[in-house]
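Below you'll find only one chain, the form predicted on its own, shown as structure tokens.
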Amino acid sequence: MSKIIYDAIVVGGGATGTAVFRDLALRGFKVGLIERGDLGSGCTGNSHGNLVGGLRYVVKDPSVARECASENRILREIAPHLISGQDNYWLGRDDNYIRKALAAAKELDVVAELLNLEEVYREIPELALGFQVAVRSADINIDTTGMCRACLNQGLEKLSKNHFGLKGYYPNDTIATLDRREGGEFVVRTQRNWAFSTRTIVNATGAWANSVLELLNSGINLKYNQGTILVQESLSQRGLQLLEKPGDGQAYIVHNGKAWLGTTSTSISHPSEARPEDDAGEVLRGLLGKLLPGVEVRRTEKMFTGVRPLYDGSTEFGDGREVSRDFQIVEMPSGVYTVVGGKMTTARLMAEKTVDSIAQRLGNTEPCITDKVKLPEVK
């Protein structure tokens, strides 16, 4: 069987993988993407679908807050057709945390506009009484699957122009064998009998990162943290969040009349174990009841769970809420780039940093342009 030659093979078709594919293609690389199922069907599709503005992280993770704020502005410019709804409101009670958060937001250039409480209560009369602070953030809905599709399509279009006849996308497929030859070449064979030769592997499989690395007798120290989201009829037309120290059950994200309540934070030993906790419904309704009491009696329509792969480079680390949400790019072994952590909002930035490293290694001097080129509309 003849091998198709690529500069890079990306494994994983979520927000990170498709963003890396797009960036590589726009810089002129020959790049292929392998996805085991549908685009965005993993952690990306099981997230809140929230384009984060950074306010949640201004105290705990200021670098992440700054990154989210910057990427939020970029995505509003390059993908306005993927963004919908209204900016979220954050509600809290006047305390030291809120004062610290608002001061940090100003310093970090994170949107946190103080609102008139009376006007907020008139707009959303179902709110719990007693809130003393209301803030508008830049958090807003984003079509996560649409973003993956737009990145893929733009990458494939560029690939076709630069390297006519190169397929580029391999859906519903997984790697069967991955071998490293002398000189740094990787030979990839898939379950659907495709064979590739490449100098670079980008492992963007999220919580399943070690399943790829194990094929090379390698691995990284990951902690798996699951978050469950509960869906019910919405009591508000606008997404709402609690302005307090980050914890479980603080976000009420509204998509087309449905409220997504979340999330939990539960450690699991392997991503295959992910499923809603037995008490997830009760816990989430109780926690979000502090924001909107009516959620406690609303019927649950469904629940779903996503897995956060957390990494900090050490052999031991604490509870999932305590691990930074910043991203890490781990090159191990040489030529294999595993991208872990981060947020869906920062996927473009994660891709830029990953491809910068690849470009330097392979001698490509083309600059990143993904922050300037508009994403196409998707059907």
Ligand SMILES: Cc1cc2nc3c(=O)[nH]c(=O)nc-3n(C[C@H](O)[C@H](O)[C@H](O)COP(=O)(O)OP(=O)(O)OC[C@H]3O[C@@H](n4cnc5c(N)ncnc54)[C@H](O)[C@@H]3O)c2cc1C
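One-based numbering along the sequence shown. Note that the structure is a prediction, hence the values are computed from the model and not measured.
Not on display, but discussed next: the form predicted together with this ligand.
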Scan Arg27, Lys343, Arg56, Arg348 and let me know which has any heavy atom within 4.5 Å of this ligand in the model of the complex.
Lys343
Could you tell me which one of Thr145, Thr266, Thr174, Ser236 places a heavy atom within 4.5 Å of this ligand in the model of the complex?
Thr174
Residue-level contact is defined here as any heavy atom of the residue lying within 4.5 Å of this ligand in the model of the complex; does Arg36 satisfy this criterion?
yes
Is there a non-hydrogen atom of Thr44 within 4.5 angstroms of a non-hydrogen atom of this ligand in the model of the complex?
yes
Closest heavy atom of Ser211 to this ligand in the model of the complex, within 4.5 Å or not?
yes
Could you confirm whether Gly227 comes within 4.5 Å of this ligand in the model of the complex, counting heavy atoms only?
yes
Have a look at 116 to 124, 299 to 307, 178 to 186, 151 to 159 and name the one stretch with heavy atoms inside 4.5 Å of this ligand in the model of the complex.
299 to 307
May I ask you to list the residues of 186 to 211 that have any heavy atom within 4.5 angstroms of this ligand in the model of the complex, in sequence order?
Ala204, Thr205, Gly206, Trp208, Ser211
